[in-house]
Each structure stands twice: as structure tokens, then as C-alpha cells.
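Shown next as C-alpha cells: one chain only, the form predicted alone.
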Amino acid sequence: MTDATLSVSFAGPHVTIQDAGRPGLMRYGVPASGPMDRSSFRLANAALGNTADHPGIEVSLGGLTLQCLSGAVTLALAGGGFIAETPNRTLGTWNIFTLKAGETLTIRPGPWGSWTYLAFAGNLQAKQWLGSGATHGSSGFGGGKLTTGQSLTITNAQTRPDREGRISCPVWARPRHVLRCTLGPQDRFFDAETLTTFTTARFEMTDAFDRMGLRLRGPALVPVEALSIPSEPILRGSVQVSGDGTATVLLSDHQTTGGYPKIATVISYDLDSFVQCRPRDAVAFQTIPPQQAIETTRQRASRFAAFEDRIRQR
């Protein structure tokens, strides 16, 4: 094993180094960060036999171009349906391949999805912040945003011809347009008609998004009274409603506290598929009882673990 050195020839907005995140610090005002689509990130690492928290690169619709300056390293690409181009071939995501010295890799949007993940058979060197290389987008703390001209080092880089080839893309990795959620914790701020609108109306993804949240376009969900609730803890997946009735779904870099009412909370696995939707895609909300949400999440976690094991042992 040796090192591989990559140069960033181009990086679009929101292209960052991520690992599994830094949970347990929200009480101190520190977001967990980590990948937008946690499931796809884990599967990209599993495809190379890496641990689930192994650092990799999160690629946005802006795309990424890397040039291998020295060494060679096997890569896994999983997530949205992007296109990966090297001098000798064009591949889709859900693939494992090797990049060698002198070769260039370009990752660009394909037919579907908004985020894809590049994992390495080796150790991507990244700055740590509070014990994690996950990048907090607005501050840049952690591994950081990729910039043109930046050099990346992969220590203990491996080439794994035994791993190369297609990875199975599970159906639940594709964009999800009906989001299961539980009402609350502040559904009391909305009247019955507004709650019905929330669960029956069509909303549209907008261009107003970042790693912190995504604003939706649709009918106004106006609270029934002036907002006067104190700031309180917020979770990933909260559907936060501003004073003018605009709904925003909070994502990986969400603030840790806030005073706007949260009309509902999207279950975690649906959120992974939701972030793969693109601007102007339609979405709708389906409310389910809390106990059903718990059971649904438990069953999905079990199926995911079994699928991850198959990918790891392929």
C-alpha cells in the first residue's frame, strides 16, 4: 500500500468532506452535520469494506473533477444517479472503479438525484473539528469545502480489482415524493383546516436550499396566532413554518434551537430519499401515528442492515 494524491480541478458549491457526523453535541449548540443522504453514504463505504464513519466526499449538483497526480486508489460512488467520467469510460453511480496516476475523474449530474458520495479504499486526510471530519457547511469547520486547486491525500491507498463493478442500487435510494411524518411538536399552532392542507396539498421543491434546510413552495400554513414560543431544541427532519406560512424541512446542518413552530417531523429514512429530489419536484406529506413511525423505522433499519451486509460481503 502507498499514498495517492488527488488535485481538485473543479468543485461546485456544497461539495464537502463528510464522515458520519458529530452526534451528541447539540446541547452545546453544535450541529451533528454529516451526509445529507446518510444511507447512501454508508453504502458507498460498505462497498469498499470501510467502516460507516469513514470520511468521503459529498458531491452536489454542482459536480466535481479530480485529477490523480500520483498513486492509484479504488473508489466507490453511490447516491443520486450521477455520471462519472474517466478518460477510458463513462459510468453511472453505484459503481466501484480505480483511478490511476494521470487520470481525471469528472462527476456530474445524471438523470436523477441531488447528492452522491465518493468513498475511498484508503484514508482521506481531513481536518478534524470536535473529533469529526464532517463539514459544517456555513462555517466550513471540519474537513471543509473542496476548492479548485486543493490537494487531497489518500494514505494507505489500495487498489481493489476484486471489488470493481456495479453495486446494487436499492429502490429506496431513489427520490421519495411522499414523506411520512408525525405531527408536532407544535401542531397546536395550526387550525384543523391548515393541518388538512398540510396533509393533502402538493408542495414543490425550490432552489432555496443548502445543507441547513430546504424551503418548499406551496399553500401557506399560517399559524393561528402570533408566534411567542421560546427557542427550543430542533431535530433533523423538522418541518419548520415561518410567520408567513412557508414550510422549510431542516437537514444535516440545521440550527440546534429555534422559535418557529414545527408542524411535523419527517421520519429519518424518508429524509434520506427526500434530499435526492431536485428543485421543482413535487412532494407531499403523509402523517402517521408515532408508534407506527417507530415501528416503520425499526423495520427499515433491519432491512438496511441486511442490505449493507450483502454489499460489504460482495
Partner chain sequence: MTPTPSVPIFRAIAERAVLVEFGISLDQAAHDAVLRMDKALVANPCLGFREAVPAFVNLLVEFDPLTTDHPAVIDHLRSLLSAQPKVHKPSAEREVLVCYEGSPDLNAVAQQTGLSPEAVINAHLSGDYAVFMYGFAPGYAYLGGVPEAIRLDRKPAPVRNIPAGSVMIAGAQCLVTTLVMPTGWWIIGRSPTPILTQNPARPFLFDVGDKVRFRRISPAEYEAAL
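Positions refer to the first chain, counted from 1. Just so you know, these numbers come straight off a predicted model, no measurement behind them.
If you look for the form predicted together with the partner chain, you will not find it shown, but the lines that follow are about it.
A.B. asks: At 4.5 Å between heavy atoms, is residue 149 in contact with the partner chain in the predicted complex?
C.D. replies: No, no contact at 4.5 Å.
A.B. asks: Consider residue 232 of the chain shown here, and say whether it contacts the partner chain in the predicted complex, taking contact as heavy atoms within 4.5 Å.
C.D. replies: Within the cut-off, so yes.
A.B. asks: Might residue 13 be said to contact the partner chain in the predicted complex, defining contact as any heavy atom within 4.5 Å?
C.D. replies: Because no heavy atom of residue 13 falls inside 4.5 Å of the partner chain in the predicted complex, the answer is no.
A.B. asks: Considering non-hydrogen atoms and a 4.5 Å limit, does the partner chain approach residue 9 in the predicted complex?
C.D. replies: So residue 9 does not count as contacting the partner chain.
A.B. asks: Have a look at 96-104, 158-166, 67-75, 122-130 and name the one stretch with heavy atoms inside 4.5 Å of the partner chain in the predicted complex.
C.D. replies: Flagged stretch: 122-130.
A.B. asks: Would the partner chain in the predicted complex be within 4.5 angstroms of a non-hydrogen atom of every residue among 192, 195 and 199?
C.D. replies: Result no, not one residue of the spot touches the partner chain.
A.B. asks: Using a 4.5 Å cut-off on heavy atoms, which residues of 257-271 contact the partner chain in the predicted complex?
C.D. replies: Going through 257-271 in order - heavy atoms within 4.5 Å of the partner chain in the predicted complex - the hits are 257, 265, 266, 267, 268.
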